[in-house]
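Just the one chain here, laid out as structure tokens, in the form predicted on its own.
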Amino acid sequence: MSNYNFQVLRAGINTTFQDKGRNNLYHIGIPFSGAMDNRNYLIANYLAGNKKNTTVIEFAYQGPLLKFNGEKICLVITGDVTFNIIKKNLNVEKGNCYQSYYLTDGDQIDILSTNRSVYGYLAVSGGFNVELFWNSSSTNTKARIGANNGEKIKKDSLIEILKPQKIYPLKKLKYFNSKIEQIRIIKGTNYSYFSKDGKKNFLEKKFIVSKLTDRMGMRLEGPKIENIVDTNIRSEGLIKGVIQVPPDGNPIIMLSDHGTIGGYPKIGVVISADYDKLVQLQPGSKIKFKEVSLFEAENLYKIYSMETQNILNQIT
């Protein structure tokens, strides 16, 4: 057992270990998983002085309350998050996202809530001492794979921290999490299955993010999307961001822990450039879809990637 660790005093609602995910396992039914909001995941690691694929703690809505045991570490939280640092002498410091802090023995980090978003990220300099499953620590609780035996982080457990080789200087980034209401998509493989009115509803009307949303999928409520061919098809491969329409006409967007095959027709696919902002939409949020071409989607992803790298380059 490392003498650097977090004692979990409160686990939070949905707290797991995540990294960039696992590649090329769809053929055996394993999705990519990984951090839901890739940009905020990367920023957290860069501010903590870590490599790109270092394991972080991802939390949703209410985060954990953690007590640090060890000499000194550098800690960062990213997202739209309210948190406090409780010093050993019980002095409370209000924390700011995108700013690194030092914790010393006995200090606590209290992640109270995400605000106008769903997911936040906690990174420590050096990273966490966790097991890899198929070269990734990402936890998929549905499949029970990844770090922590594929389970959420629980109260009273100990989270081992790799002792940092050096104490990184404190850093700060000015970053704003912008909201998104218009989600850009490309046509799905079964787009022709839907009626003219169904397609019109899909592209012109607004939908509401339902409470039935997790790391596996996002269910939407709104105008029904009519299928005039077949509401059930032979199961086919799925990818992250694909939009299935079950018989009730309410679309489901496949997210990071999605099943790798499915038998509902696919009307569209959310473009990769919009995925980070999509997953941060809370239940009750309104969204509208906009069709773009594959060529546009590729260029938008290039722009997104360049913007992300430019943000990371600001962290020195």
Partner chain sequence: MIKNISNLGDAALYCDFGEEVNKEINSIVINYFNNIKEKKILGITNIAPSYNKLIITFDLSLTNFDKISEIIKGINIKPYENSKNKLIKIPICCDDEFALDIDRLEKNFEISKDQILKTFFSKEYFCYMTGFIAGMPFLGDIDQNIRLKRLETPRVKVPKGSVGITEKFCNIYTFESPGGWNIIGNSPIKVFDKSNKVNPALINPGDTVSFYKINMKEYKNWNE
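Numbering follows the first chain given and starts at 1. This is a predicted model, so every value here is computed, not measured.
The discussion below concerns the form predicted together with its partner chain, not included here.
- By the criterion of a heavy atom within 4.5 Å, residue 131 is counted among the residues contacting its partner chain in the predicted bound form.
- Its partner chain is not shown here, but in the predicted bound form it comes within 4.5 Å of a heavy atom of residue 298.
- The shortest heavy atom separation between residue 303 and its partner chain in the predicted bound form exceeds 4.5 Å.
- Though the partner is left out of this view, residue 247 does not reach within 4.5 Å of its partner chain in the predicted bound form, counting heavy atoms only.
- In summary, the region of this chain contacting its partner chain in the predicted bound form, judged by heavy atoms within 4.5 Å and restricted to 184-192, 103-111, 200-208, 161-169, corresponds to 184-192.
- When contacts are defined as a non-hydrogen atom within 4.5 Å, all of 26, 149 and 236 contact its partner chain in the predicted bound form.
- With the partner omitted from this view, the residue of 282, 53, 260, 69 that lies near its partner chain in the predicted bound form is 260 [heavy atom within 4.5 Å].
- Proximity to its partner chain in the predicted bound form, taken as a non-hydrogen atom within 4.5 angstroms, holds for one residue of 220, 145, 118, 85, which is 145.
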